[in-house]
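The chain below stands alone and is given as structure tokens, in the form predicted on its own.
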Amino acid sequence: MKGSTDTRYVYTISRIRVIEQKMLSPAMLERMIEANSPEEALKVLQDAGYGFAGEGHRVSDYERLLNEEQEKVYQLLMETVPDPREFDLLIIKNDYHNLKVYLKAELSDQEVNSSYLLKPSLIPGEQLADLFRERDFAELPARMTEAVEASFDAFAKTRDPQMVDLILDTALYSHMLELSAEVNSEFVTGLVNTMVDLTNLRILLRTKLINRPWEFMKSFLIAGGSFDSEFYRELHELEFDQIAKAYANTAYSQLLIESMNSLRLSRSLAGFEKLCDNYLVAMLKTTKYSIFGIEPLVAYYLAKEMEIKNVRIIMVGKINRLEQYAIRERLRETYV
């Protein structure tokens, strides 16, 4: 892939390269795992400068600290890049997450727990609250509106909250494909296409695990990516052990081999999800020595998301007193 020659981001990249040196290393994550208590693990984060400076955080507030860290990265980008709208494709994931929170709360007749809402987002949580209160979603982007209405319809027919996840995940990646086309970057386009490929593969594996027919699976596949609908239809007819062979001549060959081994042992997608995350981290690392273009900034933002995911895994494990080995086996590859 040819490197970018776009010099508009040089100032922000130079700042990011300095900040990258402060990302959590594998050794720092190990210190958190080996900490004697969740409080000690949290102190590692605070000593590393996580979140906004100010009052101390209690263990029960660790999610707020993680949200603050992601928002801090977002603020830096928004303050220094020439066109903040180019980063909408990264932020919009939080909007779809927040839609899930509001939808599931309404469908279960519960109040929304604001601590579950993610920032930064393109649509403020207060605005979402008003839209759901009035049941008027016309102010949302068209793809979001369609997904919300489809979620209400699907739940009314199935009473299955997982349908909300499937519908909104499908809409999210379709939306990201649209936004990536507006960013002049081969890397960004390739990254989003990879996310679509992995999401479609996840839909395939989940469909087979719950033994649902092709028509069910077809309705959730995301258009785009590297493979067409016919490819997935043929995969749907295969036994699990045959799926890896179908990907033998693709970039996902090794991922599928390892995923099938994990599925045979657990009949769970947890191992597959970890392998997908590691695959994406490897893609992000290809921008480490880039000095031009939007690519290093996109990579850094997503790398911080992955770092925060690792921190969340550790904190949940420490709070629930998991064995250290059980926490380690859940961790994703690190960017640094």
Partner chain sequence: MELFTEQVIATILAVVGAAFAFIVPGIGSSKAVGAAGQAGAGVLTEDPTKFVPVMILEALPSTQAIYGFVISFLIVGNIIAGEGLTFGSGLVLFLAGLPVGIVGYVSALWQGRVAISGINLVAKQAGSMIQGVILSLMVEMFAILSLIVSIQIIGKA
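Positions refer to the first chain, counted from 1. A quick note: this is a predicted structure, and the numbers were derived from the prediction, not measured.
Not on display, but discussed next: the form predicted in complex with the partner chain.
Think of it this way: in the model of the complex, the partner chain has a heavy atom of just one of 309, 43, 288, 31 within 4.5 Å, and the residue is 288.
With the partner removed from view, the residue among 327, 315, 13, 24 that has a non-hydrogen atom within 4.5 Å of the partner chain in the model of the complex turns out to be 13. The three marked residues, 5, 19 and 292, each reach the partner chain in the model of the complex, with a heavy atom inside 4.5 Å. Taking a 4.5 Å heavy atom cutoff to the partner chain in the model of the complex, none of the residues in 132-161 make contact.
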